[in-house]
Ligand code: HEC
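First, one chain by itself: the form predicted alone, in structure tokens.
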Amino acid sequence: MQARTLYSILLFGGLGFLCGCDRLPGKPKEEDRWKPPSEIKDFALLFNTNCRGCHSNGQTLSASISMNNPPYLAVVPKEVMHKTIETGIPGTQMPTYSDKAGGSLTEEQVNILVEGIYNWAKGHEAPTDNLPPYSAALGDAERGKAVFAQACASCHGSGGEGTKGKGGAVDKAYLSLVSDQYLRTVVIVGRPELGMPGFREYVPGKPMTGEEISDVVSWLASRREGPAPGQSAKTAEIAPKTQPSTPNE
């Protein structure tokens, strides 16, 4: 009887000790515990989970523009970045992320992403003198053809078909995937991770003007077969191939 009593005391005492211990074998650390997606507040985790598949963090190559790109962050207004993450870009591969618009991220998480992305540029800010506007109307395609020959042909070929080691700027598949705004952004900020410079470096000592950027984007867009991403075929049929440049670009 005494042995049974002793056994019970040891058994229940041991169980009580184990239940009071916070480090049971196999028990996950607090940071490793499962959390609802809405409670994730770590920028790196949010970026790697939602953005890195298309946009590099500056350490890898990606299909689209790297977010860790100071010239890009200098030209893109923060409110535009916020709106783009919230609602996406219709007709393109950029999806909606805000839970208010059908996405999976809270307003706080969207804010964390925006602030974290712009923090990458701190201490590495790009020059802002003569910076072209992020968005502008298309220019003149004929003038743009001449601008392309001067600024872009050395890498992309005289007709934009590409050269050895450099992609074609007028490739049908490429143009079918990118919007006019994307073309403009790439012309301005380049793709440094791919060896493509920005608007200041195409011609040494002669940065492209806002008008030249609008013109060359218009020429590239004119080479696209079918409507731009996000634009209906009906709208594309009645839209002019070129649009006048806005003043003071």
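A residue's number is simply how far along the shown sequence it sits, counting from 1. Quantities reported herein were computed from a predicted structural model and do not represent experimental measurements.
FYI, the form predicted together with heme C isn't displayed, but the following is about it.
Enquirer: Please determine whether H55 contacts heme C in the predicted complex, using a 4.5 Å cut-off between heavy atoms.
Expert: Yes.
Enquirer: Does any part of R191 reach within 4.5 Å of heme C in the predicted complex? Heavy atoms only, please.
Expert: So R191 counts as contacting heme C.
Enquirer: P37 near heme C in the predicted complex, any heavy atom under 4.5 Å?
Expert: So P37 does not count as contacting heme C.
Enquirer: Is S222 close to heme C in the predicted complex, meaning a heavy atom pair under 4.5 Å apart or at it?
Expert: Close contact is absent here: in the predicted complex, S222 is far from heme C, nothing within 4.5 Å, heavy atoms only.
Enquirer: Mind listing which residues of 35-68 have a heavy atom within 4.5 Å of heme C in the predicted complex?
Expert: The stretch touches the partner through N50, C51, C54, H55, A63, S64, I65, M67.
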